[in-house]
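We've got the same protein chain twice here, in two forms, each standing alone as structure tokens: structure 1 and structure 2.
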Structure 1
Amino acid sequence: MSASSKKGLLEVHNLKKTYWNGTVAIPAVRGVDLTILEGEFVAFMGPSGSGKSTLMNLLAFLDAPSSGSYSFSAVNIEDFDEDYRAELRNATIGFVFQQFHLLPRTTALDNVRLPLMYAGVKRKLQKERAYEALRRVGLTDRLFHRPNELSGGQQQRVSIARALVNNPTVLFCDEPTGNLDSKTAEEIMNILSALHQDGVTIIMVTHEPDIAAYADRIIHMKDGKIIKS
């Protein structure tokens, strides 16, 4: 399938985000134009303060842009309120964080089940789908282990399972291997690559070139703008 036949899943024009520290304006994203296609694996790179994380938060509906337009699946979403964005995140986005962000003292299965709880999925179905997601990341032997009983790589796999459980349109990965050794990092990247092969759209933020190399496309950012795509 050629790139031109795919739809533009995310389209942003002149997207800006400015934070205010008292009366001082801190521009974090200064006018970004970008199209990401369905099924793409895109990596954002750039030094810290380049705005790549802020851009990802905007693309993942975690934050509202200050100005500019953003359409997701051809729907303009820049004016959505917080609750609507929460609903949209729940239905369409999966998150994988550098720090995993698993609930402590909660089993892998229950951690993975969490997004389904907010989606109002029936209890029995929650467990079935959480099991299925954990099977996809190869953790069926750790269903009832708590995060402190799991290795870093296993924890990140739980968090990938949690991101997948709602069958998201886009998987956002913020430095997914930042806390892992290189061997484990490779394992995680292999899982992400496999998901990409299955057709999942992945947007990843990283500052490691060998991790970014797994992506189809690398977007370099500096000072809140895209400098190379």
Structure 2
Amino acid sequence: MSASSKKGLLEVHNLKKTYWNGTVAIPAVRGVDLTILEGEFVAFMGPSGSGKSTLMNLLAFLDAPSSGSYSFSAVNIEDFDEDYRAELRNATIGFVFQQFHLLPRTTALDNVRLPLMYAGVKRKLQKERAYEALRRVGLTDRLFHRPNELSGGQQQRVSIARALVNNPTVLFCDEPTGNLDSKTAEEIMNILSALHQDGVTIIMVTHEPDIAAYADRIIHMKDGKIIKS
């Protein structure tokens, strides 16, 4: 799909987030305007404290903005309460973190099917979809291995498979290669690139230029603002 034919998936206008320490205001995101297209691969970069992780949390409904507007698939998110946003998040968004967040005594297959268990999907379908997600990341030979029997790269593949098992519209990745060596990081980024080629929208936070280079677009932030995109 060409850029001109893609639809706006996430759109924010004058988005702000301010935290408070007593009576002291700490602005984290300062009036951001941004459109992310359906099927786009976007990387956020910036120094510590630039607001990139806060902005990602706002885009993923993990935090609520202090002001501004935000639409997701043309739905105005600020019109709905936290329960609705949680339902929308569970149905449309996958997360990959720097820390893998896998259950240590649980097999790769069972770690991946956890979101489906919580969603009430029938057990047979859980296993079928978990297997398919692990196939997409090249781990069908590790279905019954526990995290301590897997390398760091394999654990991150399991976490990517878990993020994919609900067929999300958009995948948020927060420093997905931060705990990996360069060779393994390249393997993980090749997987994310393949998912992007399959049409998954990916929004990634990274501080590494060589990792950001995998994205279609790099958005640079400083002091809570976008300075280059």
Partner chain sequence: MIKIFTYIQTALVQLVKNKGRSILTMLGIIIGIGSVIFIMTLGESAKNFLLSQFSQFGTNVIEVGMQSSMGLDSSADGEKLTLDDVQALKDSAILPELTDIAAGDIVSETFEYKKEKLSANIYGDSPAVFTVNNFKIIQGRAFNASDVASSAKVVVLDGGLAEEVFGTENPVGQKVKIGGRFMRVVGVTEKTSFGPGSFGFQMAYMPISTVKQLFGEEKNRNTVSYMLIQFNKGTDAVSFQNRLSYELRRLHNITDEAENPFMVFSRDQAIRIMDTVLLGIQGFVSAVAGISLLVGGIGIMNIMLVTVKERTKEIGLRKAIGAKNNTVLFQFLIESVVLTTIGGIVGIALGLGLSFGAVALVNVLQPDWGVAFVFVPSALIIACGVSVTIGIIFGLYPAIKAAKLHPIEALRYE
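The term rigid core refers to the maximal set of C-alpha atoms that superpose within 1.5 Å between the two forms. For residue numbers, the reference is structure 1: its sequence is counted from 1. Remember, predicted model here, so these are calculated numbers, not experimental data.
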| query | finding |
| --- | --- |
| Structure that is the form predicted on its own (1 or 2) | 2 |
| Rigid core fit then residue 97 CA moved by 2 Å or more between structures 1 and 2 | no |
| Core-superposed C-alpha of residue 131 shifting 2 Å or more between structures 1 and 2 | no |
| C-alpha positional change at residue 82 between structures 1 and 2 - rigid core reference, Å | 2.5 |
